[in-house]
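A single chain, nothing else alongside it, follows as structure tokens in the form predicted alone.
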């Protein structure tokens, strides 16, 4: 991961009616609720409406300065795998890494339709590959949730009938899990930088990026889904971003997040607060905090974890800053 030499930070302190004061580059990682709400089927119309709503809430952030958007794809890639399985008798199923690529294009097309009317500038969607280690232990221990939620009875049935691995996801139901190796390098980093120089908002590392490994002087796709927040941290550090903003469905990290209880945590500092990770669910909030810690340690910059609804509230959100910050 490339380390930025300066230690500037960006404050996200605007409201919908007032432009945000911005410096440098911001990387915004959109949470899953920017695309799908609880109980929705995931139609294109639902996802477009949700994106439009999210973009209106963060409009001041979108209208000025250098900006990169990333997004998740858990439900979408799970649904794509299900479509391929159901249609396997008529068309050959594709490997998981290509399902990730397909959802990058799918979600990117929806973002490209809904973002420019709010931002007032072009959005460019970039197919993005992310290097992982072929020997990452994650390949032997799948943990990344994909696809829809099921009740426990249906989950057990799917484990028996399809050979899937399913686990409970933060009290919201049961989901299929697949390998999630750590992201090491963004192959299209310089392309992102060039597009930013042209004034576009860049949509990159969708779904955590297409996972690839280096073999014999080339890169090959590998079946996994990379966590989008960890990939966003690698991307943000490589670009020398000043701020990593992770949007999720809750206003802040809670002290007892596993049970949805406790007071919000206004500030965290890597090197001081790692113990918080032990109480966070691995499939949801933990990688967000890990990503924020990783970015701050690598750059000396600032990260924020909050919701789109709370973004304009100076009292909301969890801010992650260096341990040496005043």
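Numbering follows the first chain given and starts at 1. The term rigid core refers to the maximal set of C-alpha atoms that superpose within 1.5 Å between the two forms. As the structure is a prediction and not an experimental result, all values here were calculated from the model.
The same protein has a further form, the form predicted in complex with a further copy of the same chain, not shown here; the description that follows concerns it.
The listed set 223, 122, 168, 157 contains one residue whose heavy atoms approach a further copy of the same chain in the predicted complex to within 4.5 Å, identified as 122. Residue 48 is the only one of 37, 48, 269, 63 with a heavy atom lying within 4.5 Å of a further copy of the same chain in the predicted complex. For the candidate spot formed by 275, 299 and 323, no residue has a non-hydrogen atom within 4.5 angstroms of a further copy of the same chain in the predicted complex. Heavy atoms within 4.5 Å of a further copy of the same chain in the predicted complex are found in one stretch of 240-248, 174-182, 227-235, 193-201, which is 193-201.
Mapping the unseen interface onto this chain, residue 153 falls outside it, with no heavy atom inside 4.5 Å of a further copy of the same chain in the predicted complex. The shortest heavy atom separation between residue 134 and a further copy of the same chain in the predicted complex exceeds 4.5 Å.
Taking the partner from the other structure, a further copy of the same chain in the predicted complex has no heavy atom within 4.5 Å of any heavy atom of residue 262. Remark: residue 255 does not count among the residues lining a further copy of the same chain in the predicted complex, judged by a heavy atom distance of 4.5 Å or less. Contact annotation for 215-245: residues with any non-hydrogen atom within 4.5 angstroms of a further copy of the same chain in the predicted complex are 218, 219, 220, listed in sequence order. Once you line up the core between this form and the one not shown, the Cα of residue 238 stays within less than 2 Å of where it was. When the rigid core is held fixed, the Cα atom of residue 148 travels 2 angstroms or more between this form and the one not shown. The pair residue 150 and residue 33 is at least 3 angstroms farther apart at the CA level in the predicted complex than in the present model. Between residue 150 and residue 223, the Cα distance is smaller in the predicted complex than in this structure, by no less than 3 angstroms.
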